[in-house]
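A single chain comes next, written as structure tokens; it is the form predicted on its own.
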């Protein structure tokens, strides 16, 4: 399932079999007082690999590239620990990876986003690259693509947020030694309203995370459990595999 663990001849065979190539795109950024900066990269790659396994169970092939571990995270910079790119550099890296994949004969690419700050950029990149490269490129942010499944599992939130009930649970499921549960109480912080809370939906304004939460956390990590995290991974991977194995997705004119 993982590109980096395969030989070149195995990858050539997968290209001939029309395997789906999944590129997890994430970040390296602060995740509050209790989680490491690799959260988005760890969770994005894990989601991608588990989705690829589900795809294989359905009789199709998928291969997961190493996670793109940095993205657009300027809004987290004030907390420290964060590495960010600007848009031209981000675009260049994503396009370079996609062009390399296509040159080896693969025809289906998925940009699996695992960081909210990348979302607008990846949508634009997909719009630009699809006609330029002439192949179907599918892009999604995993917690939106699996929103209904996630909402059924969370107990104190309606959706995945940041260093929250969901992300902390998922980290407890895969890397519990990196979660400082004794510091979760520090995640409680002064917070300000979202733009939508003030003027309603449909209006966008860029804001730093520090302007929204003094701890860098948005959500409730106190409700996190490893068992909940495992259920989230299973539900998300299943939802993504269902979508990506739908032949009509790739055959749309």
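In this text, all values refer to a predicted model and were calculated from it rather than measured experimentally. Throughout, rigid core stands for the largest set of C-alpha atoms superposing within 1.5 Å between the two forms. Positions refer to the first chain, counted from 1.
Keep in mind the form predicted in complex with a further copy of the same chain is missing from the figure; the text below concerns it.
The partner is absent here; in the predicted bound form, the one residue of 208, 225, 220, 60 having a heavy atom within 4.5 Å of a further copy of the same chain is 208.
Although the partner is absent here, residue 128 lies within 4.5 Å of a further copy of the same chain in the predicted bound form, judged by heavy atoms. Within this chain, residue 18 is remote from the site of a further copy of the same chain in the predicted bound form, having no heavy atom within 4.5 Å. By the criterion of a heavy atom within 4.5 Å, residue 1 is excluded from the residues contacting a further copy of the same chain in the predicted bound form. Remark: residue 201 counts among the residues lining a further copy of the same chain in the predicted bound form, judged by a heavy atom distance of 4.5 Å or less.
For the stretch 1-19, the set of residues having any non-hydrogen atom within 4.5 angstroms of a further copy of the same chain in the predicted bound form comprises 3, 4, 5, 6, 7, 8, 9, 11, 12, in sequence order.
Relative to the superposed rigid core, residue 196 undergoes a CA displacement of at least 2 Å between this form and the one not shown.
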